[in-house]
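Heads up, the chain below is alone and in the form predicted alone; it's given as structure tokens.
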Amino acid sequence: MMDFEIINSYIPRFLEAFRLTITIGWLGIALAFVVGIVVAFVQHFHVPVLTAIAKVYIELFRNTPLLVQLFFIYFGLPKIGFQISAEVCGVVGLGLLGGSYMAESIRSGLEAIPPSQTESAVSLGMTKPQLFWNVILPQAFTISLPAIMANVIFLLKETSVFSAISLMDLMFTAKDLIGLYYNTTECLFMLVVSYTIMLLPVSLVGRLAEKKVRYRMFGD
């Protein structure tokens, strides 16, 4: 049987872990979005040299686990003189991993715009900046939105590996309490509830935003 008195006593520790997890998670997602936009634009506009670097970056980070990337940043970089905290490591690691996924999502949206859209806008006398901001970018964002929201949820779930670099996140807290008091059922219950509270609103907001954007763009 689950002991709710134990759960109640664990709430303060899980709240602190929740605050840390969600703070680092969203900072990492913000960094991922910035990196993704830059890399997607570099690829879309075929910037010399940078396009090749962008492709290597995407393949490297999409094909290695976040845990390996965190270990390299947290334990490997200090060997060559770059000492960073676990919190910064979490943000940077999540941001670089997420940036590789965001870049592909945004690039796909940019490349999905039919050439006829561009040709029609040019025939109407639009300048290149007007074409980009008023025609290409809104449609690309609409097309990319489902993939972007899926990436956000994926990255928030990936925060569960932060415990490997001694961050007092939700997973670390649950494992610590289980090791100390052996209340496995109660700790796992709190862990499931915490991640559900973190992820469910994001999923619901993403669906509503997608419907709203599509309605404004296409009226359906």
Partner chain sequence: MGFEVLLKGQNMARLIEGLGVALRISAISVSVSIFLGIVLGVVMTSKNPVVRFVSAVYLEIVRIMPQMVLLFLVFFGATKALGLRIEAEFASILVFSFWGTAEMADLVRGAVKSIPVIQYESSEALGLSRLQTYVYVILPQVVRRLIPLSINLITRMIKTTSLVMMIGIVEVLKVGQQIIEANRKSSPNAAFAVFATIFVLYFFACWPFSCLSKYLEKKWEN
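Residue numbers count along the first chain shown, from 1. Rigid core: the largest C-alpha set superposing within 1.5 Å between the two forms. Predicted model only: the values in this text are computed from it and were never measured.
There is another form of the same protein, the form predicted together with its partner chain; it is not shown, and what comes next is about it.
- Of the residues 30, 37, 164, 50, just one reaches its partner chain in the predicted complex with a heavy atom at 4.5 Å or closer; this is 164.
- The candidate spot formed by 68, 77 and 191 lies fully in contact with its partner chain in the predicted complex, as each residue has a heavy atom within 4.5 Å of it.
- A residue is said to contact a partner when one of its heavy atoms sits within 4.5 Å of a partner heavy atom; residue 207 meets this definition for its partner chain in the predicted complex.
- Among heavy atoms of residue 9, none comes within 4.5 Å of its partner chain in the predicted complex.
- At a distance threshold of 4.5 angstroms between non-hydrogen atoms, residue 54 is out of contact with its partner chain in the predicted complex.
- Among heavy atoms of residue 72, some come within 4.5 Å of its partner chain in the predicted complex.
- In the predicted complex, its partner chain lies within 4.5 angstroms of at least one heavy atom of each of the following residues of 157-176: 157, 160, 161, 163, 164, 171, 175, in sequence order.
- Remark: with the core as the superposition reference, the CA shift of residue 208 between the shown form and the other one reaches 2 Å or more.
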